[in-house]
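The chain below stands alone and is given as structure tokens, in the form predicted alone.
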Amino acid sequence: MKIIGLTGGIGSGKSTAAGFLKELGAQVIDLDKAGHEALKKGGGAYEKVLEVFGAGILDVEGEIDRARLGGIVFKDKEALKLLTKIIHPVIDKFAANKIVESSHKGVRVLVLEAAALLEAAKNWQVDEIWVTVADRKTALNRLKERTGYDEEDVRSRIRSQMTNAERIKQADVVIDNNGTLEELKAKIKVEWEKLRGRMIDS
């Protein structure tokens, strides 16, 4: 089984790329969603996050409001590092279980989709790093079309992440996504065929 770590900055089209890989036959695990689940009551990280960041991050039902939490950590790199330290052991356990499960099922290509894969130094979990990149203007334009994002929120999230140049240095495959959906799909298909070739050769 080949394990691909798929990452990229906000607005780079990482999740869209993951969808195209799934269409081609990959098993895709969204570790960002696993992180969201970890923040819920009983999710493994709830109590510690509440202890560290305080009751101000809770909604009326007592669940962690990710928008409020994000408003804190995406403007403070030390706070983001602290959150990462709390939540990633939970995500790592989830990922390890999924890897074992996929292997037993005979999955040939497993994609671990994670926004902070490189920031959290999780290279060891995967065989290859695939990075989607888009320039800042393109990312901002895409995110303005989404609900729930204002421009300052988006800019603070971009500033909290690695730069494209830093990601590219660690990437095995770089997918430029400044174009259309059709262009992205074509690029993913090309890289998929290359991956299949590498798997045959190995």
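All residue numbers refer to positions in the sequence shown, first residue = 1. Since the structure is predicted, the reported quantities are computational estimates derived from the model, not experimental observations.
Omitted here: the form predicted together with adenosine-5'-triphosphate. The next part is about that form.
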| item | value |
| --- | --- |
| Joint contact, G11, E113 and L143 to adenosine-5'-triphosphate in the predicted complex, by non-hydrogen atom at 4.5 Å | yes |
| Contact test in the predicted complex: V190 vs adenosine-5'-triphosphate, heavy atoms, 4.5 Å | no |
| Residues within 4.5 Å of adenosine-5'-triphosphate in the predicted complex, restricted to 157 to 181 and counted by heavy atom | N177, G179, T180, L181 |
